[in-house]
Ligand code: GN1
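Quick setup: one chain, the form predicted alone, written in structure tokens, and binding and motion questions come after.
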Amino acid sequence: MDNWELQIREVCNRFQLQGEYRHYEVINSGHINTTYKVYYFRDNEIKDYILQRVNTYVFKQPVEMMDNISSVTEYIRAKIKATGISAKRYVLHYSTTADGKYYTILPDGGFWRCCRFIDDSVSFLKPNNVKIVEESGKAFGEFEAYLADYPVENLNIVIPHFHNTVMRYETFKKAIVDNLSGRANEVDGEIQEYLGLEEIATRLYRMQRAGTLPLRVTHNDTKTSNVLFDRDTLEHLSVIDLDTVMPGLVACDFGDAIRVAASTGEEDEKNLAAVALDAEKYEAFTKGFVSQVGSLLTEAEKKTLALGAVAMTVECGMRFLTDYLDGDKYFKIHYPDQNLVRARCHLVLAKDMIQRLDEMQAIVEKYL
């Protein structure tokens, strides 16, 4: 047994996992935390768990983050169990240490957590199956419905100003002036187009600051890959990757999901003619999302869901362009100019959404 496996065994022991340890495997799907699947034998069957070493460079307040995660998952669990249904497959269940903590810190400073693996579950990066898109909409809508009466003021802010689009624009303008990469002149066209979208992109944030839109418990990373589905039926089971659960706007969760799930291209599609809003997938996600949480929203929230897709697409694309101007320091790139390609792709998608905003909102109204 190598030193790394000994460390994994130590973490398992701290989380009081019962049974006979068998082996572990590395899970490579994540980009931030280091993830392992660990297998134990107990009661004549294999029990599997997910161990994660949290990236404390990205998440600088991991204890507060785990407070958020444990609090909302236990809140959801209680609601599911109150209906008489087992919550085992429908919400993540985190293990605790002997002193009742949902995390443990090893002598090397490693910050670890452990949760049960949900049996017979699968996830998808960017599915073409419309049923999966609709089910992912149901999953995120259901997540927000479960937490609609959760006291949002109890949540910790683990990443300040995460969707503060006004501040994102200030950072963008500073990057233009600083021009650390010396690239500003060559992308002046893209810069001017993003500057021209400032009013519509910041509208949601300004409405929230004015008190028009309420803060709720939001997921803040609503990619389809952050939903587990039943392997056989493809129905949604549980939302995962809860690191960014914080106070936020429903429209931002809705919009960020649309940005990924309902685009006809990848986020770094070089053929810009291939990038547009996929109306079928947009409607599928909207149908699923609204079916779960629509009746709980305020009138202002209902009227700004489609706008959320524009805001999140502009915000993300502008962040890619900001990083390009800064010399590609934040986002991981796999080839030169990838951040510029991403920024251009998001710009095209956002402009298509703006042209079709009335159509998009009409679909929201159809399912409300």
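A residue's number is simply how far along the shown sequence it sits, counting from 1. Since the model is a prediction, treat every value here as computed from it, not as a measurement. The term rigid core refers to the maximal set of C-alpha atoms that superpose within 1.5 Å between the two forms.
From this point on, the text means the form predicted together with the ligand, which you will not see here.
- Residue contact check for residue 324: none of its heavy atoms lie within 4.5 Å of the ligand in the predicted complex.
- Although the partner is absent here, residue 150 lies well away from the ligand in the predicted complex, with no heavy atom inside 4.5 Å.
- Remark: residue 236 does not count among the residues lining the ligand in the predicted complex, judged by a heavy atom distance of 4.5 Å or less.
- Although the partner is absent here, residue 142 is not a contact residue: none of its heavy atoms lies within 4.5 angstroms of the ligand in the predicted complex.
- When the ligand is considered in the predicted complex, only one residue from 159, 272, 180, 166 comes within 4.5 Å through any heavy atom, namely 159.
- Interface residue among 300, 46, 63, 32 relative to the ligand in the predicted complex, by the heavy atom within 4.5 Å criterion: 32.
- Shown alone, this chain has one stretch from 313 to 321, 300 to 308, 38 to 46, 66 to 74 that lies within 4.5 Å of the ligand in the predicted complex by heavy atoms: 313 to 321.
- Proximity to the ligand in the predicted complex holds for all of 226, 256 and 259, with the criterion being a heavy atom within 4.5 Å.
- Applying a 4.5 Å heavy atom cutoff to the ligand in the predicted complex picks out 58, 59 from 58 to 85, in order along the sequence.
- Remark: with the core as the superposition reference, the CA shift of residue 301 between the shown form and the other one stays below 2 Å.
- With the core held fixed between the shown form and the other one, residue 67 has its Cα displaced by under 2 Å.
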